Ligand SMILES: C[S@@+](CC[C@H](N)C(=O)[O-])C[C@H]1O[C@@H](n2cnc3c(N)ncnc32)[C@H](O)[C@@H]1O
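The data below hold one chain only, encoded as structure tokens and taken in the form predicted alone.
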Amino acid sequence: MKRAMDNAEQIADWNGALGRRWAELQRDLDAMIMPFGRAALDAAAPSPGQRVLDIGCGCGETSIQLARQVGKTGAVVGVDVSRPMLAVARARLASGPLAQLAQLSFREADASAAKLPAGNDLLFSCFGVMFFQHPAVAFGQMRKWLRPGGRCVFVCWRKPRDNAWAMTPLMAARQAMKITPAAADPLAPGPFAFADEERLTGILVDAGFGDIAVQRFDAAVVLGATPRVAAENAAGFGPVSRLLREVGAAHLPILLDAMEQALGPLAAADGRVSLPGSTWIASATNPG
């Protein structure tokens, strides 16, 4: 099916160096995006006994939180295309107190084409739905998994200019490499694909959702305990990681020095670097 195969590039990325890096940085990344995930979970308000799909679940943090909230009478399936990240999620679930979460499972699948259980109460995602080549088609497919009246709630990044955590390191890295970027395609799959509120709402309308609400939520993103750590983290994920793949790992020392220099003046007294992050929390209902 061609539309499903259109996501092949994204699937390859998340099963390559990008997915492995995110798996390695699981603890740091979960801590960085925790305020946004918590806000989205509050908006979703899952209740005991509900059935939930967590789309783009990554290393499983939000799936774990959802499973705790729906309890033993509920069920949560975390869905992702990234084998490296799912391996971390499954390893977390296999031992320790998380092994008691029998209501939680993980599945490797492309959510735009997969056949998943229907009749769910909630479709949830924390930064996992901005990577579809045909987002309206993907959301239309995912809506079929919801019961009539079931809800879709997700959080996604707003415009790059409102997200200094991403753009400050990226601008420093570009300047160090003397790169003038071509104009970005705002519709291309990627972290900021849903930055425009009108487009985001239109995608949900085209997918057949109703009762659509989009609310802004801002919070600080803690990039690292020191400017150097913040630079290293920025190189591991987000826009800088993509730039690094384009220019080659041999340039990493140059990029790290440039980012550290740019982030140094922004550090708090204790050395920690926190920069603004801005998101949309979207909710919608399956009318039936």
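Note that residue numbering begins at 1 and tracks the sequence as displayed. Just so it is clear, the structure is predicted and the values come from calculations on it, not from any experiment.
Another form exists, predicted together with the named molecule; not displayed. Remarks below refer to it.
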| item | value |
| --- | --- |
| Listed residue that, although the named molecule is not shown, lies within 4.5 Å of it in the model of the complex (heavy atoms), from C57, A67, A231, A44 | C57 |
| Position in contact with the named molecule when the complex is considered in the model of the complex, options W165, F106, F139, F131, heavy atoms within 4.5 Å | F131 |
| A89: touches the named molecule in the model of the complex, heavy atom cutoff 4.5 angstroms | no |
| Close approach of L93 to the named molecule in the model of the complex, 4.5 Å, heavy atom | no |
| Close approach of D218 to the named molecule in the model of the complex, 4.5 Å, heavy atom | no |
| is_contact(N7, the named molecule) in the model of the complex, heavy atom dist at most 4.5 Å | yes |
| Site check W22, I33 and M85: each within 4.5 Å of the named molecule in the model of the complex by heavy atom | yes |
| Heavy atom contact within 4.5 Å of the named molecule in the model of the complex, the stretch among 197 to 205, 131 to 139, 67 to 75, 93 to 101 | 131 to 139 |
| Sequence-ordered residues of 100 to 118 touching the named molecule in the model of the complex, heavy atom within 4.5 Å | A109, D110, A111 |
